[in-house]
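Below you'll find only one chain, the form predicted on its own, shown as structure tokens.
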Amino acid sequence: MAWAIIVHGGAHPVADDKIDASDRACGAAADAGAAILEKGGSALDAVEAAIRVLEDDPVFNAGYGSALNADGEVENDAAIMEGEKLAAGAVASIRGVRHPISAARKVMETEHVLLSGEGARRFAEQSGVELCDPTELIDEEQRREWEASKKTRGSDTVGAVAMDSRGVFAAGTSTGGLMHKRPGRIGDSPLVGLGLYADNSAGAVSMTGDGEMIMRMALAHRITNSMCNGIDADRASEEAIAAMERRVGGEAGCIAIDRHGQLGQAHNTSHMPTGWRTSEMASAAASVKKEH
């Protein structure tokens, strides 16, 4: 059976000198997930592997290179979900974890769905997730941006969705959140049905953008519900982003795969770095803008 994966690096303007780096990173992330899928591996493993690649690249706001909060510190949110049993795990406002998506994966294996703050970090340590000094996640370019302006800004998230050869779906998100956000602020990324969703009866979706607006619209579930009703991934994505802009305003983007294996994406920002690969492709493709 066919498989597919698509990843994103956040809905935001991409400077000309960052386009090549964004394309390379998204392509590498898609290929990392595809390496698992083409060997018959699970969509869940593929999503985690792809997002770990994005978390390691400071060109994106997740893991190393995350945005700094008002105190000049990194607080990460991440979530992962699979569509067969509707299992999900998430962490919010977690500090000093090299790969927040892997901490979220560990939470999924417990009776809980979401852990936050110091409790989440303590759980990550007990679960063998790689820890680090919180300052090791700060990239100097992000530090300079933080020092240059005290205005809250940014809405970047990384994410991935995949369908494996068994027809099982998975979705994941990871983010450093807003630059200069209030400590403890949590956006849509770690919230099931808001920043991500996966259901084998419909497909899977991962969001990026203005978290407060995405939460008000429950966009991930909205897109998944549209796909469950027979709307293809691309149309469902476009309609949801348009509805958000019309009802509450804001900027956002999303990637999706429907139950037929069709890929979809939409964004109302100038760019949204994306990489994708299917079982029919020898290597990943990538672009910072949607290719119709």
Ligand code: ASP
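The first residue of the shown sequence is 1; numbering continues from there. Predicted, not measured: the structure shown is a model, and the values here were computed from it.
Missing here is the form predicted in complex with ligand ASP; even so, the following discussion is about that form.
field: Region of this chain that lies against ligand ASP in the predicted bound form, out of 83-91, 122-130, 206-214, 164-172 [heavy atom, 4.5 Å]
entry: Selected range: 206-214.
- prompt: Is there any non-hydrogen atom of S189 lying within 4.5 Å of ligand ASP in the predicted bound form?
  reply: Although ligand ASP is absent here, S189 would touch it in the predicted bound form, with heavy atoms inside 4.5 Å.
- prompt: Is L178 one of the residues lying within 4.5 Å of ligand ASP in the predicted bound form, judged by heavy atom distances?
  reply: Taking the distances in the predicted bound form, the answer for L178 is yes, it comes within 4.5 Å of ligand ASP.
field: R185, heavy atom within 4.5 angstroms of ligand ASP in the predicted bound form
entry: Yes, R185 sits close enough to ligand ASP in the predicted bound form that at least one of its heavy atoms falls within 4.5 Å.
- prompt: Any chance T157 has a heavy atom within 4.5 Å of ligand ASP in the predicted bound form?
  reply: Because a heavy atom of T157 falls inside 4.5 Å of ligand ASP in the predicted bound form, the answer is yes.
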